[in-house]
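A lone chain, given as structure tokens: the form predicted on its own.
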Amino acid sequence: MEHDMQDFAAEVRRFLDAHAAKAPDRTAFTWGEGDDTMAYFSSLPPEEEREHVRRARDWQRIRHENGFGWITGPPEYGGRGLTPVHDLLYDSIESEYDVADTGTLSVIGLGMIGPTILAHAQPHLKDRWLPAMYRGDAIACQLFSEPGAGSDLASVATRAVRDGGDWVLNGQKVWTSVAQHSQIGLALTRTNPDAPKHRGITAFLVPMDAPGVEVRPLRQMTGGADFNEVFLTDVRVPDDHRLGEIDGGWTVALTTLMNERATVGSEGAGPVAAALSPDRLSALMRATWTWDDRALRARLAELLVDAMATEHLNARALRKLRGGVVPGPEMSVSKLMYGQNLTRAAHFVSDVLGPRVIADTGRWGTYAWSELLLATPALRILGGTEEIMKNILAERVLGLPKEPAVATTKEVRS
């Protein structure tokens, strides 16, 4: 295994050396130099965002043409058939190079929906979409959340009604990332309103250019529009675009959700990673003359210890993968800690900076933190709210009793 990994690493470096330049040293930090961006969500103007997506698709195509587009995927769909450890090794090496950010493609489409299509779609859908997605030709979005069904996803109300060989979809989805760039969307719908809520759901692959699909951007308080509302009005979807069994969509959803939580829990690259950098945070305190504040120093120490613990938790999951063992609760805990650590970092910095975090004085490394601060509410919601994740860990890992069911108005009246 070790020899195989060494050969693979050498192959990856040959590929990257031929197609990309080395990235600047991201570990070196000097206060006042370089980009001080500290944003979790994008705030690019639409034209710049489209160019960003174009570069991501071009780089994904180059990866695919050289055998790195879908490292863990089956060869019959353009993959290499290698292990998750090979995938992680590739990501680690690629981070040393200056390449396009493919998060628009990989986090949702390739990381969550691709594996779901592979596990549950009919053969013609796999043939049509999997090679296209991992080649960068197609982008996929996740049509799950609704105004009345977020963390309680089984409460989806979007209806799908059978009409001959088609299904007619009506409803509204919300918080849909990359919908404006997507060619397909994985939708959860209610097909049997009389069944228990987990058992009356069916999943469909919806062409985003189908008549009746409308995408509306949602403007965030950070200034960007990463999310969208998607309205489905009499959208006709063929039955052969169904994933899984009729009324069996919850199983399909769980496949996507487990990949989502693993993806969110293992994040940590990009500008926001600097939010937990000891060098940057201690330099910020010295630059603002707060280093002598013992209470702030104690908070910083606690934050950095928890960040290190989260890193070790991720490393433990990686060791399990290398040993051929599927990680247990590590990814759920990691997802929980990731959001909490970034939230604590943003609040810590706001206490250090005071009014400078909301008033742009032009000073390097100060007002730039406002974007992360404004994003913190979302960090504790996306991928499963903190409350939901704690319930999962309490009930399924610690074996604690389930919370008492809350009676509905209908049940109370009866």
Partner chain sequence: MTAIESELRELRSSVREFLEAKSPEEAVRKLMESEPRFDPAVWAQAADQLRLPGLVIPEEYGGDGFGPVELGVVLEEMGRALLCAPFFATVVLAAQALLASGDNAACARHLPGIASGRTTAALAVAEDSGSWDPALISARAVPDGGGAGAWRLSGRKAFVIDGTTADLLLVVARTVAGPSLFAVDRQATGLEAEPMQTLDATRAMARLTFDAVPATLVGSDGAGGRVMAKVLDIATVGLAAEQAGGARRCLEMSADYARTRYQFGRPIGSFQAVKHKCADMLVQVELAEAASREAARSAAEGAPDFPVAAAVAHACCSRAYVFAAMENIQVHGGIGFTWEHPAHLYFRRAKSSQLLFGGPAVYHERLLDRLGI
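Positions refer to the first chain, counted from 1. Note that the coordinates shown come from a computational prediction; the quantities given were computed from them, not determined experimentally.
The protein also exists as the form predicted in complex with its partner chain; that form is not presented, and the subsequent description refers to it.
> Decide if the three candidate residues R190, K197 and D209 all line its partner chain in the predicted bound form, where lining means a heavy atom within 4.5 Å.
Contact check failed for every one of R190, K197 and D209.
> Just to confirm, with a 4.5 Å cut-off on non-hydrogen atoms, which of E76, E302, D234, D152 contacts its partner chain in the predicted bound form?
Comparing distances to its partner chain in the predicted bound form, the residue within 4.5 Å is E302.
> Quick one: of R219, H124, R162, R319, which gets a non-hydrogen atom within 4.5 angstroms of its partner chain in the predicted bound form?
None of the others qualify; the residue that does is R319.
> Should A394 be counted as a contact of its partner chain in the predicted bound form, where contact means heavy atoms within 4.5 Å?
Looking in the predicted bound form, residue contacts with its partner chain include A394, since a heavy atom lies within 4.5 Å.
> Considering non-hydrogen atoms and a 4.5 Å limit, does its partner chain approach K402 in the predicted bound form?
K402 belongs to the contact set for its partner chain.
> Within 4.5 Å, heavy atoms only: does S282 come near its partner chain in the predicted bound form?
Yes, S282 lies within 4.5 Å of its partner chain in the predicted bound form.
> With the partner left out here, check for me: in the predicted bound form, does some heavy atom of L313 sit within 4.5 Å of its partner chain?
Residue-level check for L313: yes, a contact with its partner chain.
> Can you check 245-253, 109-117, 285-293, 92-100 and let me know which stretch has heavy atoms within 4.5 Å of its partner chain in the predicted bound form?
In the other structure, the partner sits against 285-293.
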